[in-house]
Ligand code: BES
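The chain below stands alone and is given as structure tokens, in the form predicted on its own.
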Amino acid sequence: MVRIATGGDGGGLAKVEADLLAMCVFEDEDVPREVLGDKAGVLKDGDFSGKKGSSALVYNPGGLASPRLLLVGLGPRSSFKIDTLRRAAATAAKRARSLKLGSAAFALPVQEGSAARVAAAEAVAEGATLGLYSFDLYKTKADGHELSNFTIVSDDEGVAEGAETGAKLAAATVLARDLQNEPSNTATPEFLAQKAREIVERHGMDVTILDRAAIEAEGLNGLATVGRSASNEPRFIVLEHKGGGDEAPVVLVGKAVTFDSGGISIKPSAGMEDMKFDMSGGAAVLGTMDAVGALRLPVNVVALVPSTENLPGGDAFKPGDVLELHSGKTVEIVTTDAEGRLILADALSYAKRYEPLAVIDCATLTGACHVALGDHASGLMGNDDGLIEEVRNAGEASGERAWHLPLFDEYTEQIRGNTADLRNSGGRYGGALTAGAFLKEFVDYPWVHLDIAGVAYSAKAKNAYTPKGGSGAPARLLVEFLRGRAGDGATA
């Protein structure tokens, strides 16, 4: 992985020694002529205007020690957001790698106030690290060249703290991506449990892992039933970070179906290989806990990760079955491909024992949410307006946006059961919302649900720092929310 360092500008960029120096430019604003030297024509001739996402590579600029200057556009200054800087840093790091260079430097844009510069350095470290991410574990010959050094250039000594934080945030997303991208024959429920043990060992947390027998004894019948026909047994994973004294915890819940065939209500074969990503919520929660430990956040956090496979078989649950879940409520099974809400309902019921300040669950829950919001935002639902706004703001600050969707009483009526209290599907219309309404039936505390079906993974790169495959979302959103609770959040 790239090494992130910081360094002063030494009185100017002219003395920066790197194989490539990247400099951000706002749209239609001038670059100092002493930087470009005799290559100022790249601007005069209109080859580069600073448009957001654009870049121009200048060789041997007369005013610099670096043999290459990469100009990266930020768009209009009036519409600048910190996520634009993440993308610019990713663009610079990836260009340096594509040129097979050993080192790159990134000149931090001028920001008013030290706090803004620290936040900017954090975003640059995140963007560079995430932009260079690749998953090559199973390739006999890894693709590409690795950039060994990426330096953030600033005359503010405080930016080192921001860069260090950004690297830790990126590491959380990298862990989540790695877990997502693992094939399901490796990333079984027990595999995730072992990763949880490793997080606990690194950071001194508490861990509880329930196996099949313990899951059944606890009455987590949704999880036990979904995993009943799988040879890889289910696990219920509990991590506890105790950084907030006697304060009640925030509970994070992540759906981790390590492979979802749909069960008896089997999915079409086309694209089924992507159902290894149905554990993305759990992966994001585990990544979040790794960051919580690395940052030593002064808050109490509990992570609950119900994990199973959903496979057909002689012992599989069936449409028409009735289950009694952990809460005591009964559910009529309409489709076995709506299994995620069953295991989440158990986890949400289990969370009550902690008397939590807030609970956030995240899950690749419905294709309907993907249809509604596309690839660029999670669906955000909940029962507490203040908590909803906190999570939305954390999404804006982290670049992992979430859009508030309604949970009208009418959606609950769609899931009223015929032979049980509830049905696990409300039909075709409003599918993301009836799924949220189903989960709402199992909470009596401030709660938010994030449907991440559209943002968790993709067949192509979404932006400069989000490649194809697992995105790691919403790990950085969750960490940003917790940092806000700890009084240490960034700004959008």
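Because the structure is a prediction, the values reported are computed rather than measured. For every residue, the number given is its place in the sequence shown, counted from 1.
Another form exists, predicted in complex with this ligand; not displayed. Remarks below refer to it.
Mapping the unseen interface onto this chain, Ser425 counts among the residues with a heavy atom inside 4.5 Å of this ligand in the model of the complex. Proximity of Glu122 to this ligand in the model of the complex falls outside the 4.5 Å heavy atom cutoff. The shortest heavy atom separation between Thr364 and this ligand in the model of the complex is within 4.5 Å. When contacts are judged by a 4.5 Å heavy atom cut-off, Asp384 does not count as touching this ligand in the model of the complex. Of the residues Ala338, Val391, Leu405, Ala163, just one reaches this ligand in the model of the complex with a heavy atom at 4.5 Å or closer; this is Ala338.
When you look in the model of the complex, the only residue of Val238, Leu101, Ala368, Ala294 with a non-hydrogen atom within 4.5 Å of this ligand is Ala368. Here the chain stands alone, but in the model of the complex its contact with this ligand, taken as any heavy atom within 4.5 Å, falls in 275-283 among 87-95, 397-405, 275-283, 214-222. Interface residues of 237-270, taken as those with a heavy atom within 4.5 Å of this ligand in the model of the complex (partner not displayed): Lys255, Asp260, Lys267, in sequence order.
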